[in-house]
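Given next, in structure tokens, is a single chain: the form predicted on its own.
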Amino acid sequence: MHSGMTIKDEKLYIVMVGLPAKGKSTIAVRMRDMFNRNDVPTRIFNNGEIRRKYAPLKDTWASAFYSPENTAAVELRKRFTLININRAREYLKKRGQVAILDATNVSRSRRQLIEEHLQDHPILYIECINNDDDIVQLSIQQKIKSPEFAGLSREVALREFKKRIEYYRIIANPLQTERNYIVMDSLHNKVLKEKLHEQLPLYSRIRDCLVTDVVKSLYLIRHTETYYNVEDRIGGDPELTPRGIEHAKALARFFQKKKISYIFTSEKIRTIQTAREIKSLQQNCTIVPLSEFNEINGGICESMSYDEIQRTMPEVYSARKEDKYNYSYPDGEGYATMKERIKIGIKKAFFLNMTPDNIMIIGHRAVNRMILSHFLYRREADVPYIYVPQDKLYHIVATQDRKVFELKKFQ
């Protein structure tokens, strides 16, 4: 804080930087919500919203609108930027403390334009980088669901959006000469580089927010009963039993009045079947299968019952019982070797969810134990024994200001 000033006196512009689908808006929403919860009036000024309001949608879906050679479109997009710049400046002149300019802002010329017009308060640039191709592709899939692409085939929308990204890539200049900036891995919530030429208001809060996993409302569920559950077999890809389907329908009724934006599942049919029943009573709900949430690979023991393993492979049974967390099935996995992929799956789920709605993960017993351990910080030896029933669910909230962890019945 500057000498003689109070927190209420200090104001800041945050300018997001990065190619489309790299997580800028997700980070912007996270910071806005964090500040507003802490009585720091904050607003997001999104260039895309201005473009969709003032430019006909029939003109803006085409990638040619974003070509650096399209001088008329370049000038129009500059005008949209100036509208947001002026709105941000007016907001800070009044009651606002933090104005977040949410756009690509990848060119040095665009950032110079912002600096020329916003000289009344400091500017902090935050660049989002994400090199995970799977999650970028999932982000693009969500982007092309916007009204901008209505009436277009999925193939055409996908092609045009990817071409749009390439046009932005042509003009992109890395943050280097700017006075204050942070470069971050937006998937892993990791600061890669930072430079400060002056003491910025609220900087410690911002940096802490950027590296914190934020879960507004997560429901963690184990798939309902399968034929392998009845036979006490491990792994495989069995379907739900009729009883399992009925329990999945009960879950759907339980969540009918709770808005679910995303249901993340494994690639196994039992989690997808459970998710489909829940989705059937939702609107605008997307099921996203992730390989990171696949159940522990039993290797040579896949599809065997625990009794069969004990009778035919007593050495495997005994070794696993001795150290369940660190033991890996022959040609398979263990809890310890799953840890990294489960962590990445969690990051992907959080990255995609920028809405205020609930999200859901439908996993398996071992997978859900590892997800729960991410929040519970249990000793490794205790993780394989975390309670994961099929007739109850976990509700988790984890923000900088609030922690909720509860086990609920759904029938």
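A quick note: this is a predicted structure, and the numbers were derived from the prediction, not measured. One-based numbering along the sequence shown.
Beyond what is shown, the protein has a form predicted together with a small molecule; the following relates to that form.
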{"query": "Arg222, Ile234 and Arg365 each touching the small molecule in the predicted complex (heavy atom, 4.5 Å)", "finding": "yes"}
{"query": "Contact residue in the predicted complex, from Glu127, Glu178, Glu277, Glu295 (heavy atom within 4.5 Å of the small molecule)", "finding": "Glu295"}
{"query": "Listed residue that, although the small molecule is not shown, lies within 4.5 Å of it in the predicted complex (heavy atoms), from His188, Lys324, Lys249, Lys339", "finding": "Lys324"}
{"query": "Option from 282 to 290, 92 to 100, 295 to 303, 200 to 208 whose residues, in the predicted complex, bring a heavy atom within 4.5 Å of the small molecule", "finding": "295 to 303"}
{"query": "The small molecule contact at Tyr335 in the predicted complex, heavy atom, 4.5 Å", "finding": "yes"}
{"query": "The small molecule contact in the predicted complex: Pro384, any heavy atom under 4.5 Å", "finding": "yes"}
{"query": "Heavy atom of Arg320 within 4.5 Å of the small molecule in the predicted complex", "finding": "yes"}
{"query": "Partner proximity in the predicted complex: Arg51 to the small molecule, non-hydrogen atom cutoff 4.5 Å", "finding": "no"}
